[in-house]
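As a starting point, one isolated chain is supplied in structure tokens, in the form predicted alone.
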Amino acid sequence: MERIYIFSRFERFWHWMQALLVIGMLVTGFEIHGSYRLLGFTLAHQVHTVAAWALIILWVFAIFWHFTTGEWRQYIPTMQGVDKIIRHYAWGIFQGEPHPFKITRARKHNPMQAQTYLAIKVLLNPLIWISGLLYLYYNELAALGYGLDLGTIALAHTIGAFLMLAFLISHLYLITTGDTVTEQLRAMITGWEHGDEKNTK
């Protein structure tokens, strides 16, 4: 098995900054929602707003990077081999079986990962982005005559937050399922991963 360079510097920067901002927004968002008291409402709201704009800017740069480098192709969904991936996570992983998907430069994500990440990029991120902006500028939009239902906006944003939290928890678990507990984490730090160089296109 070859050791190949998979994740570029920008990719790793984008990944870790996004993770930091998302976690920060979850912590402050649930405080704003009244789940607990940590920073206080005013400071939590300020931090949440700054983190939101930073995340939007990061997403814009990431979208530009994906399209200019051609990395958007990594998220093209496919059903090829997805049955083997499902079987692995449902059964094989608990029997010590090797992962059926071999990473290459041309295909960094297995079929389930590609489908999940695509759904996040085209469904979940826009849900959080749009509902958050509508929430943030509700008063200004209302003053302009846009009769938006604040309850619906808040519900949509909260659903998006819980879905992102669910993804974060599952993501943290799945990164521990490599050949070693830290193998996949190390790949996102160094950029290097064990894969199949022969199948690289």
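All residue numbers refer to positions in the sequence shown, first residue = 1. Everything numeric in this text was worked out from a predicted model, so none of it was measured.
A second form of this protein, the form predicted in complex with a small molecule, is not displayed here; the remarks below concern that form.
Though the partner is left out of this view, residue 26 does reach within 4.5 Å of the small molecule in the predicted bound form, counting heavy atoms only. At a distance threshold of 4.5 angstroms between non-hydrogen atoms, residue 103 is out of contact with the small molecule in the predicted bound form.
Though the partner is left out of this view, residue 56 does reach within 4.5 Å of the small molecule in the predicted bound form, counting heavy atoms only. A residue is said to contact a partner when one of its heavy atoms sits within 4.5 Å of a partner heavy atom; residue 22 meets this definition for the small molecule in the predicted bound form. None of 32, 39, 174, 47 but one reaches within 4.5 angstroms of the small molecule in the predicted bound form through a heavy atom, and that residue is 32.
Across the proposed site, 86, 112 and 170 without exception lack any heavy atom within 4.5 Å of the small molecule in the predicted bound form.
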